[in-house]
Each structure stands twice: as C-alpha cells, then as structure tokens.
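First, one chain by itself in structure tokens, the form predicted on its own.
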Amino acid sequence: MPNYAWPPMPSRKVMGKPTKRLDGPQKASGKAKYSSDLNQPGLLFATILSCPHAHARVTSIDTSEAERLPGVTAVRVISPAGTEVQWEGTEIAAVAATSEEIAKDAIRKIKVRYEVLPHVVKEDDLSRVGNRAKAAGEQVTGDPDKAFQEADVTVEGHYGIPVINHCCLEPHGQVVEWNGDHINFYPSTQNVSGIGGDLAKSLTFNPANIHTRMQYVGGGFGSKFAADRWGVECAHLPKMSGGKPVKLFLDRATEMQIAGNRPSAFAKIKVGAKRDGSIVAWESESWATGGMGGGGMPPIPYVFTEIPNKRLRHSAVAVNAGPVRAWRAPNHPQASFLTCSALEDLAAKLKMDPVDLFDKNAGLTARAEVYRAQLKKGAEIMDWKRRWHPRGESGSGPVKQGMGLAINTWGGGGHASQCRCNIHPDGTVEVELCSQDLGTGTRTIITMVAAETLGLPLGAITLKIGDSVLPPSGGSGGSTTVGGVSSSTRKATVNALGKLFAAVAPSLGAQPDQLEAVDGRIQVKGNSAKSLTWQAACRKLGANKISEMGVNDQRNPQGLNSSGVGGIQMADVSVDTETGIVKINKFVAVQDCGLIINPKTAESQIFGAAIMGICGALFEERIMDVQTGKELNADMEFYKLAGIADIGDIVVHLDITPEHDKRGVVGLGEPPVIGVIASIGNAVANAVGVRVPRAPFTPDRVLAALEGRNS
C-alpha cells in the first residue's frame, strides 16, 4: 500500500512554511474574473421584482406593459396570483433585457396587487410573538433542582444576540447560457461540483448536461450552496431569449433581505456553583429565529457539556423575514455568547478571575488539557494576570478598560474529495479536482501538498479547479475543504509518483520502494549520486503519461485528516462611559488546528474570523420595523460593518504541537470566529461593571446598561 502519511516535519520543503497565496497577483491586479465579471457577446441582463410586504397574498399580476418595452427579451412570473408571500424581498417576477437599465424599467412597469396580511418580525420579547413560538420540549440531565438548592452561589441573567445578515462582497447570482440541450452555468458558489445537480433537479433536467464553472467567488460564508430560486429563474430566461446568455445577480437590498442570515439567540440562564468555582447546575430557556423557519437551539451550555445537572428549554420563533442560511460556524457564536456571558457573570459574583473559573471547569469539556494550555498561553500574550481587574474596578476617569474571554470548539473533518494527478513525459504535472477557492488559499494549499509530495517547486505544478468536468470534490462548508482536498491530493500524487518510480527504478538499479523525490530529482533514498533530474525521469515514460486518482473517504481518512479542535479568544477593550463607545485595544486568538500546511493562510483565516466577530460585536444587526414589517437597514449605509480603525491589534497564536500534528489536517475556517462576540461582551462588562446583555454593544445599549435600564 502506498505511504499516504504526511512526511515527518524535519524533511518538509514546502508544507509548514509561510507561503503567499498563488492567486494574490491575479486578485490584486483585477485579472481574476468572478462570475459577476463575465460579459459574453450578446449577454442579457436580468433583474428581480420583489415583494415590498412582510406578509401578503398576490391577488393579481399584469406583465403586459413590461413585455412590450423595447429591449425586453423575456418576462417570467415567479409568484402568480394566489401566492402567499411570507417575507419582504420574495421574488415575484423576473425580466431579461438587453441592458440593466431596460430590465429595471421593465420591472417598474409590472403591476402587482397584494392583499396585505398580519405579520410578526421581531422575536426579542417572547411574550409578544403569540403562537409564532414553537416549543421544542425540555431536556433534563441529573437533578438540577436539587443541585441549585445545594449550590453556594447562583447567578441569573438574560442575554441576546440578534439576527445578522450575510454580507458577501459579491452578491448571490450567476450567468446562464444554453447551448443546444446543454447549459453552461457560471454561479457564485461554494459548491462547484454539486450546484449543477441542484439546478438540474429544479429544472427536471439531465445533470450531466450542465457544465458548471467558477474560478473565483466574492465571499460565501455558508450562504452559497444551492442554485436558489433566482438561479432557476435565470436558467429559464436564456431559453426564452433565443439562447443568449443571461446574467442575474441580486441587488444589495434584495441580497440583504433574502440571501441568508445567521439566526438570533436569546436566553434566560441560571448557573449554580460551589464557592471554589465548580459549576454544578445549569438552567436555560432559549429562543431564536432567522425567518419563517425559526431558529434551532444553540448548543448550550457551550463546550462545558459535562455539567452534571441541566435543564434546557427552547422555542423556535417564526417571523416574516428572509430565511436562515449557514453562517460561519452555525449556531456556535450564539452558543458561545450565551454560555460565556453567563459564566463570566458567575466569575464576577464569585469575585474570581474568569481565567481561573474556566480553568477550574475545563474538566467539564471534551479537551480539558488543550483548553488549560490555551488559557495559559492566551493569558501570557495578553499579560492577563497583570492587567485584569475585578469587574468595574478600572480606575477613575470616564474611559474604562476591561478584559474578557471566551471559548470555542468545532469539527472540521475533511469532506469527500477526488483528485487526479497527471505526470507527462515532458515533466509537466497537472493536479485536477473540482474544488473551489473561497479566498481562503485553497489553491495554494493543494499546490503545496502536490509540490511537497513530488519534490518539486510550487511553480512546477499546474492546478485545475472550479470546473465540473474535473473529479468531484465537496462543497466548501463546515471547515471541511482543506482536509478533503489535501488528503485527496496527497493520495493522487503519491499514487502517481509510485508509477513514476516504477518506470525509473531499472535505470537507477534499484527497486521502486527504494526511491524518493527530492528537490526536482528522483534518487535512491539518501544517495543523490544515484539520481535523475525530474525531466530525465519523466522521459522514461516514453509516449505515455501517468494519470492517477486519489480519494478522500470520510469514513477512512487514513490519518491524513481528523476532526475536533478547541480554541480560546481574549479581548481587551476601552469603553467611554460618557459616550458609550467601545474600542478594541487588543484581541488574542489561540487555536488548536491539527497539522498546518500553510501557517500564513492559517493565520489569515483567524485574522478574518476576528474581524468578522468584531463586526458582530460592535455593529451588525438586522433591524426590523414592527409596524411595516420592513427591514430598515437592507443596505450597506445603515447595516454597519467595522472599518480598519475599529479593529484594534489582533494577535494570532497557532497551537502547534507534535500531538496536534499527528492528528493530520483539521479545518480552521469556523472555530476562531465563535468566541469573538462573547469575549468582547465580557470585556465590556469587566470595564464598566455591569453586563450589557445584548449584542451588538452599541453606544445606546452601553449607556442604557450603565443607567440601569433594559437596553
């Protein structure tokens, strides 16, 4: 059997070394073309007419005036008369035209009558949602009532984290063209291999006749897997327009309304502990929503899953707003915020350093020693023991400094992936798989693994991804991509190299298993005098090329990838008690991450996660108007994101140890975003002396908490 194991660390030439992204120059120069950049000859432009009401029934629709407008090539009714619409932004009709301006003019000429129906769009006050709250039952472990009676200290709190919208820089959309009975599909997607099949299902079409291509995507974060209703409509429009290609990308307002969100999470939480900080009991009543489907229970108590006595209740609240989609670590940032806020409040009541409280209770987690080591390292980087102070004791003056921490966990096992490695007689090498690079450095990772295995420089590898004719590879979600593609690439290149060794071995007077590939040569192991250059070795193939496959089987990753990580986040903030403004001074992330192929892109993932979390902590929130049911900030003017001045100093520590290396590759996209909001919320409470119970920690909420009012 080929040796698929990763080479020992000391022998690595490529892997493990900080490496710049190979596609950086293309992106920085504008040469990288995204699906929204495509502009084929004869391209038509499509746009969507969306519903302006949160809840309504379409009573009539008249498209005749739009159809007569010069330049309009197709009009499709998506929601005919009788359709009940459940949220603002729902697609009512689509138009294709020779220009964007004509398409928008045509949309305005479509006459739609609605019967406006009652709506519910806010869930923060559970007493006001009526029958929209669906209880999910009660979960009880141990005897929480007895445990609370025996606890030395109890603390109760009410915490909330709102719905936030996906804010992909490139909106959702695609270009579609028909070529006879075949479809060329150019979506903005996280799933090049699978999205064509999803489109085919909706069209009742042969998936083998859909050719999907995408080289670059302007953000997804979990929201771009399906073909979507607008994608299906876009696929109909070319056929109605004489076969010309059609581009349909959502405008920003519609993008914010219907292209996905992370659900909210609210909870009333009670925690009981002994005087030494040992947690003995947990009770919570939680509720959540993202849209009509409500919101699932966050996995609370988060990470501290072995609290012996627990009672959990949860309700999913259906509201008339756009639906939930996966959002970087689904439900985990909410769970970390709810749990770590309650535990930090417990530490404050015990007058205990939260680092000590979390360390004390690490045995209630699945990886106690990992977390203890990370808490120690994070405290060292943050200078925690010297700079931390009990809650509210930050000295005189209006600007108060505070520190807070939070904790995370995630899976990250590699997805199913197939890869093909071709070695040609002229020495050229191709690595082919239908993966996608979301901007995380996947291209670079794949190339590094191939170069490491074959003993070649990065520039000697030609990588082909983003095309459905290539061997299939899973969608990029759940931090599964790097584990899947690195493992399949490793196997394909090991298999191909084995065939090359077999062709070269007689020339070197050795057996194939006695050869190695080092620095662009094939040589007898440890004997560079008995060697051939890579090109000379490949000439031994004659007129034949080597083409070998590698497969990552999720059920048997053969030690190349694994699942399950832990990490901690710490925040240092300043809060102006006169204005309520929160400023990030320093943010520290310590993350267990398995075997790191490229430390540079790994660190970049954590920097990006920290920035995303800071946006959620200080600014992001979907704001709904109770009276009209409208989303008030479905734009990039009033839906606020952090700017560079809001971020502060971010310090990343990759928790690299021999033990973690032995676990193989583990995905890193999700975990470092999880604890950011919680750590900042805890730092704010430490600074000002009171809990700001709801994120984001905007000035009005900070001032309300200081005044003793409910924000």
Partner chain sequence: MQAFEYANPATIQEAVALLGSRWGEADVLAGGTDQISLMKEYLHTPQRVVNIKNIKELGGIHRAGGNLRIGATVTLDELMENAEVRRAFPSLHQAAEGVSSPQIRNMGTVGGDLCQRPRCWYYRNGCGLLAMKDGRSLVPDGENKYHAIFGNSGPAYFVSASSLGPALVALGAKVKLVSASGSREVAVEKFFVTPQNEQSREIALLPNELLTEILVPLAPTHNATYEVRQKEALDWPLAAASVALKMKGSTVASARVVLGHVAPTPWPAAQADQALAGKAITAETAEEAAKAAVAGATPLSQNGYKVQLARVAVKRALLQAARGRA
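Worth saying up front: this structure is predicted, and the values here are computed from it rather than measured. Positions refer to the first chain, counted from 1.
The same protein also exists as the form predicted in complex with its partner chain; that form is not shown, yet it is the one meant from here on.
Of the stretches 206-214, 339-347, 493-501, 615-623, only 615-623 has residues with a heavy atom within 4.5 Å of its partner chain in the model of the complex. Contact with its partner chain in the model of the complex, judged by any heavy atom within 4.5 Å, is made by just one of K630, H236, R311, K244: K630. In summary, among the residues K274, R76, K640, K600, the only one with a non-hydrogen atom within 4.5 Å of its partner chain in the model of the complex is K640.
In the model of the complex, its partner chain sits within 4.5 Å of a heavy atom of T698. Proximity of K111 to its partner chain in the model of the complex: non-hydrogen atoms within 4.5 Å are absent; the residue sits far from the partner. Proximity of E91 to its partner chain in the model of the complex falls outside the 4.5 Å heavy atom cutoff. L22 falls outside the set of residues with a heavy atom inside 4.5 Å of its partner chain in the model of the complex. Contacts to its partner chain in the model of the complex (heavy atom within 4.5 Å) from stretch 116-149: K122 only.
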